[in-house]
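First, one chain by itself in C-alpha cells, the form predicted on its own.
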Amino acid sequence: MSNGLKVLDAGPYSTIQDMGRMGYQDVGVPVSGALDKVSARVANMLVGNDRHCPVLEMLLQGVALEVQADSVRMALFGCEADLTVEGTRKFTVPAGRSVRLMKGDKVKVGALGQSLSAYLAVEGGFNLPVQLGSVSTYVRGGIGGLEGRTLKRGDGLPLVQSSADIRDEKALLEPFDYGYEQPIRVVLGPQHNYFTESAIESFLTQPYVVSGQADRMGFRLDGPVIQHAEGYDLVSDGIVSGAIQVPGSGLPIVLLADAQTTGGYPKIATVISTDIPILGRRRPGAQVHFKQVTLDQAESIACETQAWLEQLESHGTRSFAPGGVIDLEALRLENLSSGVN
C-alpha cells in the first residue's frame, strides 16, 4: 500500500467509525457510529475535517501504525494517552493536538488512561466504502469499515490524501473535562411503570458499576437489583441508543451505539443524548450514578451542548507552529502579559 497506514498492532478492539448509519433501524440495521461522538468530532476538528469524517476508534487500548503515505496529519482525542512517534524521529504528542508525520514514521497509542474509548483522526479521512450512508463498522452485521470487522495486524488503512501540507498545527485552548465522575442524566421511561417506586428510587440513588460484559452494543451494570412490578416480558418494541433495559436478573443494561433495533425487556429510563458519550468513556469497573432530569431539561441540555461544540469548533483551538519552526503565537502567549512587551 503506497497511500495509507499499516496496522502494526490492532489493539483489542479497534474499528473505523463515523457519526453513524441513520435511517435504517426500520429494516433492522443499528445506527452504530462512534461510542463517544463528541471525542470523535473534536479529533476531526483538530485536523481540519468535517465532523462526519470517519475516524479510528480504539477501545481499552491503543494501536500501533506505520505511515506509508508521503505524509499525514493526525490527532488523538478522548483519552489521556499520547501519540508516541518512533523510527528515525522520536517524540510524543499529547491527546488534543495535531501533528504531521512522514512516511516511515511509526506511531503508537498505548494505554488509554481512565477512558474506555479514544479516537484517531487523519486529515482527509480514510478512503473506505460508504454503506447505507456511513463508513461505520457494525461487526455483528459485517458491514462498514474495513471488511466489516475489527482491525488486525497487517491491515492497510487507505487514506483519502497522499500527503498533508505543511501548515500550523492545532491544539485545544482549554483542558477538556471527560466527566469521569459526573452523574449520568436520564429521563424516566418509557416503561418505568413496570417497576416499583422503591426500585426506581434505588436506581436513582445507588451506585452501579460497569461490568466486564460491556461492549459497543451495551453496558451491563452491576449493583442493586431492580424489582419489577409487572413482570419483565414485553412484546418487543423499538429501542434507541441510551435506553436502559432491565431483564429478569434485575440488573440494568444500557444500550449504546450498536444496539439492536427492538427489545423485549422493560425500559426504566433513557440516558440523555448529551451523556451517552460520557458513559461511553467509562471502563469496566467504573462507577455510574444516575440522575433524573425532565424531557424539557434534556432537550435544553442537548441545545446547550450543540452550541458549546460549535463554539469549540470556531474558537476553541489555537494554532501553533510545527516542529522546527519558531512558534510566534506561543511566544506571544507565554512571554507577554498584556500584548505589550
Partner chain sequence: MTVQFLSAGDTAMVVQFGEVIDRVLSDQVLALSRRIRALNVPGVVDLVPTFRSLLINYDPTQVRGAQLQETLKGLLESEDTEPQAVRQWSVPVCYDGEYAPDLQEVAQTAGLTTDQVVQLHADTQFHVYMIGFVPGYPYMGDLPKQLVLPRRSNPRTRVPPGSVAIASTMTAVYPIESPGGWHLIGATPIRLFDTRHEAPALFKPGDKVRFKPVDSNEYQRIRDAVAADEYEVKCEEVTV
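Numbering follows the first chain given and starts at 1. Model, not experiment: these values are computed from the prediction.
Separately, the form predicted in complex with the partner chain exists; it is not shown, and the next lines address it.
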Interface residue in the model of the complex among Pro207, Gly189, Pro247, Gly87, criterion: non-hydrogen atom within 4.5 angstroms of the partner chain: Gly189
Residue (of Val67, Ile272, Leu312, Val288) lying close to the partner chain in the model of the complex, criterion heavy atoms within 4.5 Å: Ile272
Contact of Ile278 with the partner chain in the model of the complex (heavy atom, 4.5 Å): no
Leu59 within 4.5 Å of the partner chain in the model of the complex, heavy atoms: no
Non-hydrogen atom contact Met22 with the partner chain in the model of the complex at 4.5 angstroms: yes
Ile239, heavy atom within 4.5 angstroms of the partner chain in the model of the complex: yes
Among 59-67, 279-287, 301-309, 41-49, the region lying within 4.5 Å of the partner chain in the model of the complex by heavy atom distance: 301-309
Contacts with the partner chain in the model of the complex, stretch 131-158 (heavy atom within 4.5 Å): Gln131, Leu132, Tyr138, Arg140, Gly141, Ile143
